[in-house]
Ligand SMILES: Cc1ncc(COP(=O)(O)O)c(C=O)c1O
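Form predicted on its own, single chain, as C-alpha coordinates, below.
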(Lines give C-alpha, C1' and ligand atoms only; values in the text may rest on other atoms or scores of the structure.)
Protein backbone atom coordinates (compact mmCIF):
# COMPACT_ATOMS: atom_id res chain seq x y z
CA UNK A 1 0.00 0.00 0.00
CA UNK A 2 1.29 3.48 -0.86
CA UNK A 3 2.37 5.42 2.20
CA UNK A 4 1.41 8.99 2.99
CA UNK A 5 4.14 11.24 1.60
CA UNK A 6 2.86 14.59 2.85
CA UNK A 7 2.80 14.14 6.60
CA UNK A 8 2.50 11.61 9.36
CA UNK A 9 0.44 8.44 8.88
CA UNK A 10 -1.67 8.67 12.03
CA UNK A 11 -3.07 5.19 11.60
CA UNK A 12 0.42 3.70 11.41
CA UNK A 13 1.28 5.43 14.69
CA UNK A 14 -1.92 4.09 16.18
CA UNK A 15 -0.88 0.55 15.33
CA UNK A 16 2.73 0.99 16.45
CA UNK A 17 2.22 2.88 19.73
CA UNK A 18 -1.40 2.01 20.53
CA UNK A 19 -2.26 5.71 20.43
CA UNK A 20 -5.73 7.07 20.04
CA UNK A 21 -5.52 9.04 16.76
CA UNK A 22 -7.26 12.02 18.40
CA UNK A 23 -4.53 12.21 21.05
CA UNK A 24 -1.66 12.66 18.59
CA UNK A 25 -0.32 16.22 18.29
CA UNK A 26 0.50 16.28 14.58
CA UNK A 27 2.98 19.10 13.99
CA UNK A 28 3.80 17.73 10.52
CA UNK A 29 0.61 18.37 8.56
CA UNK A 30 0.41 22.22 8.53
CA UNK A 31 -3.39 22.18 8.99
CA UNK A 32 -5.10 25.02 10.88
CA UNK A 33 -5.52 23.74 14.49
CA UNK A 34 -8.76 25.67 14.98
CA UNK A 35 -10.48 23.35 12.55
CA UNK A 36 -13.02 24.27 9.88
CA UNK A 37 -15.30 27.29 10.07
CA UNK A 38 -18.06 26.56 12.59
CA UNK A 39 -20.49 28.47 10.40
CA UNK A 40 -19.63 26.24 7.46
CA UNK A 41 -19.94 23.10 9.56
CA UNK A 42 -23.31 24.21 10.91
CA UNK A 43 -24.56 24.94 7.39
CA UNK A 44 -23.38 21.49 6.35
CA UNK A 45 -25.18 19.81 9.27
CA UNK A 46 -28.40 21.65 8.49
CA UNK A 47 -28.25 20.53 4.86
CA UNK A 48 -27.01 16.94 5.03
CA UNK A 49 -30.11 15.82 3.17
CA UNK A 50 -28.58 17.50 0.10
CA UNK A 51 -26.40 14.39 -0.23
CA UNK A 52 -29.20 13.02 -2.39
CA UNK A 53 -29.00 16.00 -4.75
CA UNK A 54 -26.59 16.58 -7.61
CA UNK A 55 -24.40 19.70 -7.19
CA UNK A 56 -24.97 22.65 -9.49
CA UNK A 57 -22.89 21.65 -12.55
CA UNK A 58 -21.94 25.32 -13.07
CA UNK A 59 -21.12 25.94 -9.36
CA UNK A 60 -22.44 29.48 -9.67
CA UNK A 61 -22.76 30.19 -5.94
CA UNK A 62 -19.39 28.63 -5.08
CA UNK A 63 -17.61 30.58 -7.81
CA UNK A 64 -19.31 33.77 -6.61
CA UNK A 65 -17.97 33.24 -3.07
CA UNK A 66 -14.44 32.51 -4.30
CA UNK A 67 -14.68 35.58 -6.55
CA UNK A 68 -15.71 37.78 -3.62
CA UNK A 69 -12.88 36.34 -1.54
CA UNK A 70 -10.13 36.70 -4.15
CA UNK A 71 -11.50 39.70 -6.10
CA UNK A 72 -11.06 37.62 -9.26
CA UNK A 73 -13.58 37.42 -12.09
CA UNK A 74 -15.60 34.16 -11.75
CA UNK A 75 -14.75 33.45 -15.39
CA UNK A 76 -11.07 33.43 -14.42
CA UNK A 77 -11.50 30.75 -11.73
CA UNK A 78 -10.96 27.04 -12.31
CA UNK A 79 -12.22 24.58 -9.72
CA UNK A 80 -10.43 21.38 -8.77
CA UNK A 81 -10.81 18.43 -6.46
CA UNK A 82 -7.83 19.60 -4.43
CA UNK A 83 -4.92 21.39 -6.09
CA UNK A 84 -2.95 18.37 -7.31
CA UNK A 85 -4.87 17.96 -10.56
CA UNK A 86 -4.79 21.71 -11.24
CA UNK A 87 -1.01 21.73 -10.85
CA UNK A 88 -0.67 18.60 -12.97
CA UNK A 89 -2.92 19.90 -15.75
CA UNK A 90 -1.16 23.26 -15.95
CA UNK A 91 2.29 21.67 -16.09
CA UNK A 92 1.10 19.33 -18.83
CA UNK A 93 -0.51 22.23 -20.69
CA UNK A 94 2.69 24.30 -20.69
CA UNK A 95 4.75 21.16 -21.40
CA UNK A 96 8.06 22.94 -20.77
CA UNK A 97 11.32 21.54 -22.08
CA UNK A 98 13.08 23.20 -19.15
CA UNK A 99 11.56 24.22 -15.83
CA UNK A 100 12.88 25.95 -12.72
CA UNK A 101 12.04 25.08 -9.12
CA UNK A 102 13.19 26.55 -5.86
CA UNK A 103 15.03 24.00 -3.74
CA UNK A 104 13.87 22.76 -1.31
CA UNK A 105 10.18 22.79 -2.21
CA UNK A 106 7.08 20.59 -2.46
CA UNK A 107 8.09 17.39 -4.27
CA UNK A 108 5.03 16.93 -6.50
CA UNK A 109 6.10 19.65 -8.93
CA UNK A 110 9.25 17.79 -9.89
CA UNK A 111 7.38 14.49 -10.05
CA UNK A 112 4.97 15.92 -12.63
CA UNK A 113 7.77 17.59 -14.61
CA UNK A 114 9.67 14.32 -14.72
CA UNK A 115 6.60 12.54 -16.08
CA UNK A 116 6.59 14.75 -19.16
CA UNK A 117 10.36 14.63 -19.63
CA UNK A 118 11.16 18.20 -18.62
CA UNK A 119 14.72 19.09 -17.70
CA UNK A 120 14.43 20.42 -14.15
CA UNK A 121 16.72 23.18 -12.89
CA UNK A 122 16.97 24.06 -9.21
CA UNK A 123 17.48 27.46 -7.65
CA UNK A 124 19.20 26.35 -4.45
CA UNK A 125 18.01 28.30 -1.44
CA UNK A 126 20.90 28.98 0.94
CA UNK A 127 20.31 28.56 4.66
CA UNK A 128 23.12 31.06 5.31
CA UNK A 129 20.75 33.64 3.73
CA UNK A 130 17.71 32.26 5.59
CA UNK A 131 16.59 30.62 2.31
CA UNK A 132 15.61 33.98 0.78
CA UNK A 133 15.14 34.26 -2.98
CA UNK A 134 17.19 36.71 -5.03
CA UNK A 135 15.02 38.02 -7.86
CA UNK A 136 18.09 38.95 -9.91
CA UNK A 137 19.53 35.46 -9.56
CA UNK A 138 16.24 33.84 -10.58
CA UNK A 139 15.98 36.06 -13.66
CA UNK A 140 19.56 35.21 -14.62
CA UNK A 141 18.93 31.45 -14.33
CA UNK A 142 15.75 31.69 -16.40
CA UNK A 143 17.39 33.71 -19.15
CA UNK A 144 20.66 31.78 -19.21
CA UNK A 145 19.00 28.35 -19.42
CA UNK A 146 15.97 29.20 -21.61
CA UNK A 147 13.58 28.18 -18.84
CA UNK A 148 9.99 27.82 -20.04
CA UNK A 149 8.20 27.47 -16.68
CA UNK A 150 8.98 28.69 -13.16
CA UNK A 151 7.08 26.95 -10.34
CA UNK A 152 7.03 28.41 -6.84
CA UNK A 153 5.20 27.89 -3.58
CA UNK A 154 4.55 31.25 -1.96
CA UNK A 155 5.20 31.08 1.02
CA UNK A 156 7.58 28.22 0.30
CA UNK A 157 7.25 24.85 1.99
CA UNK A 158 9.31 23.92 4.00
CA UNK A 159 11.44 27.08 4.33
CA UNK A 160 8.68 29.62 5.02
CA UNK A 161 10.29 32.20 2.71
CA UNK A 162 8.25 34.39 0.38
CA UNK A 163 8.31 36.70 -2.61
CA UNK A 164 6.07 39.75 -2.65
CA UNK A 165 3.90 40.59 -5.63
CA UNK A 166 6.30 43.29 -6.86
CA UNK A 167 9.16 40.77 -6.93
CA UNK A 168 7.09 38.35 -9.00
CA UNK A 169 6.03 41.13 -11.36
CA UNK A 170 9.73 41.89 -11.93
CA UNK A 171 10.41 38.26 -12.84
CA UNK A 172 7.48 38.15 -15.26
CA UNK A 173 8.42 41.41 -16.95
CA UNK A 174 12.06 40.34 -17.36
CA UNK A 175 11.39 36.80 -18.60
CA UNK A 176 7.91 36.71 -20.15
CA UNK A 177 7.43 33.03 -19.25
CA UNK A 178 4.57 31.22 -17.48
CA UNK A 179 4.83 31.14 -13.70
CA UNK A 180 2.84 28.69 -11.57
CA UNK A 181 2.35 30.16 -8.09
CA UNK A 182 1.09 27.77 -5.44
CA UNK A 183 -0.51 29.99 -2.78
CA UNK A 184 -1.54 27.18 -0.45
CA UNK A 185 -0.22 29.12 2.58
CA UNK A 186 -0.95 32.67 1.40
CA UNK A 187 -3.74 33.23 3.94
CA UNK A 188 -1.17 33.09 6.74
CA UNK A 189 0.42 36.27 5.32
CA UNK A 190 -0.72 39.75 4.31
CA UNK A 191 -2.46 38.87 1.04
CA UNK A 192 -2.51 42.51 -0.08
CA UNK A 193 1.30 42.43 -0.23
CA UNK A 194 2.10 38.86 -1.22
CA UNK A 195 -0.79 37.37 -3.18
CA UNK A 196 -0.70 37.37 -6.98
CA UNK A 197 -4.41 36.67 -7.50
CA UNK A 198 -5.00 40.23 -8.74
CA UNK A 199 -1.90 40.04 -10.96
CA UNK A 200 -3.21 36.79 -12.48
CA UNK A 201 -6.33 38.66 -13.55
CA UNK A 202 -4.30 41.00 -15.75
CA UNK A 203 -1.25 38.97 -16.84
CA UNK A 204 -1.84 35.74 -18.82
CA UNK A 205 1.53 34.32 -17.77
CA UNK A 206 0.45 33.99 -14.13
CA UNK A 207 -1.35 30.87 -12.92
CA UNK A 208 -2.26 30.99 -9.21
CA UNK A 209 -3.43 27.83 -7.47
CA UNK A 210 -4.82 27.59 -3.95
CA UNK A 211 -5.93 24.85 -1.60
CA UNK A 212 -8.50 25.02 1.18
CA UNK A 213 -6.79 22.20 3.09
CA UNK A 214 -4.43 24.23 5.28
CA UNK A 215 -5.89 27.61 6.30
CA UNK A 216 -9.51 26.46 6.14
CA UNK A 217 -8.65 23.08 7.70
CA UNK A 218 -10.65 21.07 5.18
CA UNK A 219 -8.30 18.52 3.57
CA UNK A 220 -11.11 15.99 3.61
CA UNK A 221 -13.41 17.87 1.22
CA UNK A 222 -10.74 18.10 -1.53
CA UNK A 223 -11.49 21.61 -2.74
CA UNK A 224 -8.96 23.68 -4.66
CA UNK A 225 -9.09 26.44 -7.24
CA UNK A 226 -6.89 28.30 -9.69
CA UNK A 227 -6.94 31.85 -11.06
CA UNK A 228 -5.80 32.79 -14.56
CA UNK A 229 -6.78 35.28 -17.25
CA UNK A 230 -5.22 33.15 -20.00
CA UNK A 231 -8.19 32.17 -22.13
CA UNK A 232 -6.34 29.31 -23.82
CA UNK A 233 -5.51 27.83 -20.43
CA UNK A 234 -9.09 28.29 -19.24
CA UNK A 235 -10.47 26.59 -22.34
CA UNK A 236 -8.01 23.71 -22.25
CA UNK A 237 -8.18 22.96 -18.54
CA UNK A 238 -11.90 23.63 -18.36
CA UNK A 239 -12.43 20.72 -20.74
CA UNK A 240 -10.69 18.40 -18.28
CA UNK A 241 -12.98 19.33 -15.39
CA UNK A 242 -15.41 16.46 -15.01
CA UNK A 243 -19.14 17.05 -14.61
CA UNK A 244 -19.89 17.48 -10.88
CA UNK A 245 -16.15 17.33 -10.13
CA UNK A 246 -16.72 19.06 -6.76
CA UNK A 247 -18.88 17.07 -4.34
CA UNK A 248 -21.93 18.60 -2.69
CA UNK A 249 -20.28 18.83 0.75
CA UNK A 250 -17.29 20.78 -0.60
CA UNK A 251 -19.68 23.06 -2.46
CA UNK A 252 -21.77 23.72 0.64
CA UNK A 253 -18.81 24.44 2.92
CA UNK A 254 -17.17 26.61 0.27
CA UNK A 255 -20.26 28.77 -0.01
CA UNK A 256 -19.91 29.70 3.67
CA UNK A 257 -16.30 29.49 4.86
CA UNK A 258 -14.76 32.02 2.45
CA UNK A 259 -16.97 34.77 3.89
CA UNK A 260 -16.58 33.85 7.59
CA UNK A 261 -14.62 36.96 8.60
CA UNK A 262 -14.47 36.13 12.32
CA UNK A 263 -13.04 32.69 11.60
CA UNK A 264 -10.38 34.09 9.28
CA UNK A 265 -9.32 36.77 11.77
CA UNK A 266 -9.16 34.35 14.71
CA UNK A 267 -7.07 31.89 12.70
CA UNK A 268 -4.63 34.51 11.44
CA UNK A 269 -4.13 36.08 14.86
CA UNK A 270 -3.68 32.73 16.61
CA UNK A 271 -1.06 31.55 14.12
CA UNK A 272 0.95 34.80 14.27
CA UNK A 273 0.87 34.98 18.06
CA UNK A 274 1.81 31.35 18.65
CA UNK A 275 4.42 31.30 15.88
CA UNK A 276 6.20 34.30 17.39
CA UNK A 277 6.10 32.64 20.80
CA UNK A 278 7.53 29.36 19.55
CA UNK A 279 10.28 30.97 17.50
CA UNK A 280 11.34 33.09 20.48
CA UNK A 281 11.33 30.06 22.79
CA UNK A 282 13.35 27.80 20.49
CA UNK A 283 15.84 30.53 19.67
CA UNK A 284 17.01 30.22 23.27
CA UNK A 285 18.20 26.66 22.57
CA UNK A 286 21.90 26.99 21.78
CA UNK A 287 21.96 23.99 19.43
CA UNK A 288 19.18 25.29 17.16
CA UNK A 289 18.96 27.71 14.26
CA UNK A 290 15.33 28.79 13.83
CA UNK A 291 14.42 30.33 10.47
CA UNK A 292 11.87 33.13 10.02
CA UNK A 293 8.67 31.99 8.36
CA UNK A 294 5.68 33.50 6.57
CA UNK A 295 3.72 30.25 6.73
CA UNK A 296 1.99 28.46 9.59
CA UNK A 297 5.10 26.30 10.00
CA UNK A 298 8.73 26.85 11.01
CA UNK A 299 11.92 25.23 9.74
CA UNK A 300 14.70 24.54 12.24
CA UNK A 301 18.28 23.29 11.90
CA UNK A 302 20.25 21.44 14.55
CA UNK A 303 23.49 23.39 14.27
CA UNK A 304 25.95 20.86 15.64
CA UNK A 305 26.37 17.13 15.00
CA UNK A 306 25.11 16.10 18.42
CA UNK A 307 21.74 14.93 17.12
CA UNK A 308 19.61 14.44 14.02
CA UNK A 309 16.03 15.40 13.27
CA UNK A 310 15.14 11.71 13.21
CA UNK A 311 16.47 11.27 16.74
CA UNK A 312 14.47 14.27 17.96
CA UNK A 313 11.37 12.95 16.24
CA UNK A 314 11.78 9.52 17.85
CA UNK A 315 12.29 11.17 21.25
CA UNK A 316 9.02 13.11 20.89
CA UNK A 317 6.86 10.29 19.53
CA UNK A 318 6.17 8.57 22.90
CA UNK A 319 4.89 11.97 24.06
CA UNK A 320 2.37 11.80 21.19
CA UNK A 321 4.17 14.69 19.46
CA UNK A 322 5.01 14.36 15.74
CA UNK A 323 7.34 16.73 13.91
CA UNK A 324 8.48 16.55 10.28
CA UNK A 325 11.95 15.18 9.63
CA UNK A 326 13.02 17.19 6.56
CA UNK A 327 15.99 15.06 5.52
CA UNK A 328 14.15 13.89 2.38
CA UNK A 329 13.82 17.42 0.98
CA UNK A 330 16.33 18.41 -1.67
CA UNK A 331 19.00 20.79 -0.39
CA UNK A 332 18.37 19.87 3.26
CA UNK A 333 20.03 17.21 5.39
CA UNK A 334 19.35 15.06 8.44
CA UNK A 335 19.62 18.04 10.82
CA UNK A 336 16.54 19.92 9.57
CA UNK A 337 13.04 19.55 10.98
CA UNK A 338 9.78 21.43 10.56
CA UNK A 339 6.81 21.95 12.82
CA UNK A 340 3.49 23.70 12.28
CA UNK A 341 1.48 25.75 14.75
CA UNK A 342 -1.15 23.92 16.80
CA UNK A 343 -3.08 24.89 19.94
CA UNK A 344 -1.39 26.89 22.70
CA UNK A 345 -1.30 23.81 24.93
CA UNK A 346 0.19 21.56 22.24
CA UNK A 347 2.74 24.20 21.28
CA UNK A 348 3.87 24.49 24.90
CA UNK A 349 4.32 20.71 25.09
CA UNK A 350 6.47 20.74 21.95
CA UNK A 351 8.67 23.48 23.39
CA UNK A 352 9.01 21.50 26.61
CA UNK A 353 9.90 18.33 24.71
CA UNK A 354 12.56 20.08 22.63
CA UNK A 355 14.00 21.67 25.78
CA UNK A 356 14.25 18.23 27.42
CA UNK A 357 15.92 16.68 24.38
CA UNK A 358 18.62 19.34 24.26
CA UNK A 359 19.05 19.51 28.03
CA UNK A 360 17.82 23.08 28.45
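These figures come from a predicted structure and were not determined experimentally. Numbering follows the first chain given and starts at 1.
There is another form of the same protein, the form predicted together with this ligand; it is not shown, and what comes next is about it.
- Using a 4.5 angstroms heavy atom cutoff to this ligand in the model of the complex, none of 74, 76 and 229 count as contacting.
- Shown without its partner, this chain lists 267, 197, 161, 213 as candidates; in the model of the complex, only 213 has a non-hydrogen atom within 4.5 angstroms of this ligand.
- Between the options 130, 175, 118, 84, the residue in contact with this ligand in the model of the complex by a heavy atom within 4.5 angstroms is 84.
- You can rule out all but one of 88-96, 180-188, 246-254, 132-140: in the model of the complex, only 180-188 has residues with a heavy atom within 4.5 Å of this ligand.
- Among residues of the shown chain, residue 157 is one whose heavy atoms approach this ligand to within 4.5 Å in the model of the complex.
- Shown alone here, residue 123 lies farther than 4.5 Å from this ligand in the model of the complex, counting heavy atoms only.
- Contact check for residue 165: every heavy atom lies farther than 4.5 Å from this ligand in the model of the complex.
- For residue 150, no non-hydrogen atom is located within 4.5 Å of this ligand in the model of the complex, even though that partner is not displayed.
- Contact residues in stretch 96-110 (any heavy atom within 4.5 Å of this ligand, taken in the model of the complex) are 106, 109.
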